[in-house]
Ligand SMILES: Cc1cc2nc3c(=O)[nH]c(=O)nc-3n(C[C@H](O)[C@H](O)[C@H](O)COP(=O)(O)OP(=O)(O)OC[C@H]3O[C@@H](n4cnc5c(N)ncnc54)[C@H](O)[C@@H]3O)c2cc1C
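Just one chain follows, in the form predicted alone, and it is written as structure tokens.
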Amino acid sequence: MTSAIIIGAGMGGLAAALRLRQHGFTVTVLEKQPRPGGRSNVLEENGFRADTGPTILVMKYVFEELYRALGLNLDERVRFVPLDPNYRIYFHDDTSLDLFGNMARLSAEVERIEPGATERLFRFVGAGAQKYDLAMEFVERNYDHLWELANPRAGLRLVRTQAYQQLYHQVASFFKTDKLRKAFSFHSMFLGLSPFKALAMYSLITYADLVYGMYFPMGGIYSLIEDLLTLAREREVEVRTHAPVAQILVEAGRAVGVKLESGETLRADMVISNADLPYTYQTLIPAAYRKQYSDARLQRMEYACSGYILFLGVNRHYPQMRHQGLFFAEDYRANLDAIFRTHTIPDDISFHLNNPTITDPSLAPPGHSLLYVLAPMPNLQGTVDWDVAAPRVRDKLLARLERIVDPDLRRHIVWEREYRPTDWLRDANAVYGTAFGSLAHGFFQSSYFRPHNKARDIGGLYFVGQGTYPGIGMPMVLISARLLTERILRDVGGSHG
């Protein structure tokens, strides 16, 4: 049997392990943390259960495809609840907007903000559909050569949709008000990109949210990790926690195993890294073998932003809230410039607000609510002292929550935790403490130009997860596991038993 070692038990690593096992491989997954999950982890304390990474699921069909490939039905194993609306957006002037997937309800909301905008809304969604179809041609495939990007039909569609433009600029061409421009351009933040720098192509994410819907798995996102772990046990995939890897072993130019920090050596026919790709090259591969990604090249690459998370257990219910919310700072550009250009704490903070107990009360003790607040923040390329900054960020977030959720909120907090950019670095080996993924999705870090899932300088070394293509986000990570498996099967000559 062909054997594989996977470094990192994130969602991509677990999905790759199960796919390879389905083809007869012997697979061992090594995880440094006490729990598998990588960025998709969980915090369980005092009766509260909070996802520490992604909190909602989009493009559910990608998850369904994984389970079909394993001979299973996802909906028979995990219960999903669709969100309606997807988000409530809070603005600085205490107004709000609900983003419904239903076009009639969405257009009514949009008309409240910008009378006469319905026709432009429909044109915007139609343009998003074109970008989505165009992008998926480049997302769901492996690459070997640059010329594979030379698709004349796709090039024509790229020009026709103007997907190469700046995202915020193109959104602004559809909507006149600052509020709607914010509401329909923020999605690039989940790729670690400013809407003022991201390609307009990424309005496809807004389209996917609206058309394919957003879902919450009961028990939280970590319930998906738990089910993948159940499948791993049932199918004899070994998942070892508390097993940090110190080095990838290379002999005669080929990866042949790993050495753990404990000193233990494990050998296999191939090594797959689900760790951050820059971390893998910087830390796990001996310098003599690093021909493709030197320190200098890695330093030149563009890294995604980080985030500060505040978890709050509150002894009250808030039925007026939606499951998901977003608050936008009044000066959107200044907020984003601080995060992405000057690497400083924004004066006015935008954030993602999540109240999963609206959908699943079991995530908190009876009579309580769980609030998750994620504020995009600069990564650790700046000089922010988080011991000084964290209390200030916390106070700003609580002050805003007192305006939009509960003026007495602080009196009702019974449990609290925070997660800083430095924690991403410590727990997930996330280079520069990036929260959503390591490498941002600029043009030259996307598609063919994103690091490939097969090392070019070391035989038998592969990559899976957000650091390789197609990139950041749970659906993309699961697609990366499929593309990796297809590549490995091609390399080794098909199925093994």
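Numbering starts at 1 and runs along the sequence shown. No experiment lies behind these values; they were computed from the predicted model shown.
What comes next is about the form predicted together with the named molecule, which is not displayed.
Heavy atoms within 4.5 Å of the named molecule in the predicted bound form map, among the stretches 362-370, 180-188, 241-249, 95-103, onto 241-249 alone. Although the partner is absent here, residue 483 is not a contact residue: none of its heavy atoms lies within 4.5 angstroms of the named molecule in the predicted bound form. Using a 4.5 angstroms limit between non-hydrogen atoms, residue 435 touches the named molecule in the predicted bound form. Residue contact with the named molecule in the predicted bound form: residue 274 places a heavy atom within 4.5 Å of it. Within this chain, residue 331 is remote from the site of the named molecule in the predicted bound form, having no heavy atom within 4.5 Å.
Using a 4.5 angstroms heavy atom cutoff to the named molecule in the predicted bound form, none of 167, 171 and 346 count as contacting.
Interface residue among 279, 175, 386, 215, judged by heavy atoms within 4.5 Å of the named molecule in the predicted bound form: 279. Along 405-436, residues 424, 427, 428, 429, 435, 436 each place a heavy atom within 4.5 Å of the named molecule in the predicted bound form.
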